[in-house]
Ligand code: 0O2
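Okay, here we've got a single chain as structure tokens, the form predicted alone, with questions on binding and movement later.
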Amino acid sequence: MEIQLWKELLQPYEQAVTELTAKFNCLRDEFRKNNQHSPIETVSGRVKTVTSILEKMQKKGIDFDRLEEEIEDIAGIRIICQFVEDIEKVTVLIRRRYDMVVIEKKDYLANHKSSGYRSYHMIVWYTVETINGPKQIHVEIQIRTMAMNFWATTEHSLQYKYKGVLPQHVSKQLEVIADSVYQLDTQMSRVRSEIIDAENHSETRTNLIRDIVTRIENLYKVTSHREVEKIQDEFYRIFKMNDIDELKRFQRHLDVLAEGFRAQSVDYTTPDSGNGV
């Protein structure tokens, strides 16, 4: 392949990574805005470098004319979850989507690699719209917990350092660490409900405060600065209490106040229909 053609080849994959990263981030944000636990914690993506592609082609004996068919991870998305249970929820979300089609899965949770590697991989078809029309490409989606990702990142760095041939003592240490990672995820699952409750409480409080601040800002349009300053002082007092029920009560109170101020404003500006004018 001519060198200048690599950029043209990889551009649709870069587009796919950008689009899918944004879509999964939007999905995560939707859960949070609805005060629900998001099974997606973070999302990242990458396109394989030319060096990495060439090395994989050489290792697997892949010809250039079969490159896009046989290398399924040129575009890669990595989804990090808090809990092992979240991984299955993410896979369900992906299978339900109309904009990608799952064609292969690799479950390294139920059948982890001998090295200790744990993760869940899905290969999907994804279509990007290019200036030359639609193009369907492979994308690999890796789904794992934060603990699994820590191990995998460390193992990848060591594989690079030792050029894929790890010394036996390093491999043994990685196996021990992999067991520790598994135990950590197991323990996290045991307190999952309490952690989610704490997260939901925090998210609800954040959304309430954001809404209250917006409503107070809107009051400047219907009443005096002095009145708004009094309301602000009351808000800061309630904020310090760290009580969601009090915040909800204050939010409802703001609705009543705003309606009253708007009514006063209308009464003040409406001409007296009985004055003969």
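For every residue, the number given is its place in the sequence shown, counted from 1. Computed from a predicted model, the values in this text were never measured in an experiment.
What comes next is about the form predicted in complex with the ligand, which is not displayed.
- The three residues Arg205, Lys248 and Arg252 each lack any heavy atom within 4.5 Å of the ligand in the predicted complex.
- None of Tyr182, Tyr126, Phe83, Trp151 but one reaches within 4.5 angstroms of the ligand in the predicted complex through a heavy atom, and that residue is Trp151.
- Contact annotation: the ligand lies within 4.5 Å of heavy atoms from the stretch 41-49 in the predicted complex, the single such stretch among 41-49, 22-30, 221-229, 235-243.
- Taking the partner from the other structure, the ligand in the predicted complex has a heavy atom within 4.5 Å of a heavy atom of Ser115.
- Contact check for His121: a heavy atom falls within 4.5 Å of the ligand in the predicted complex.
- Put simply, Lys56 is close to the ligand in the predicted complex: some heavy atom of it is within 4.5 Å.
- Taking non-hydrogen atoms only, His156 approaches the ligand to within 4.5 angstroms in the predicted complex.
- Residues of 51-82 that come within 4.5 Å of the ligand in the predicted complex, judged by any heavy atom, are Ser52, Lys56, Lys60, Asp73, Arg78 in sequence order.
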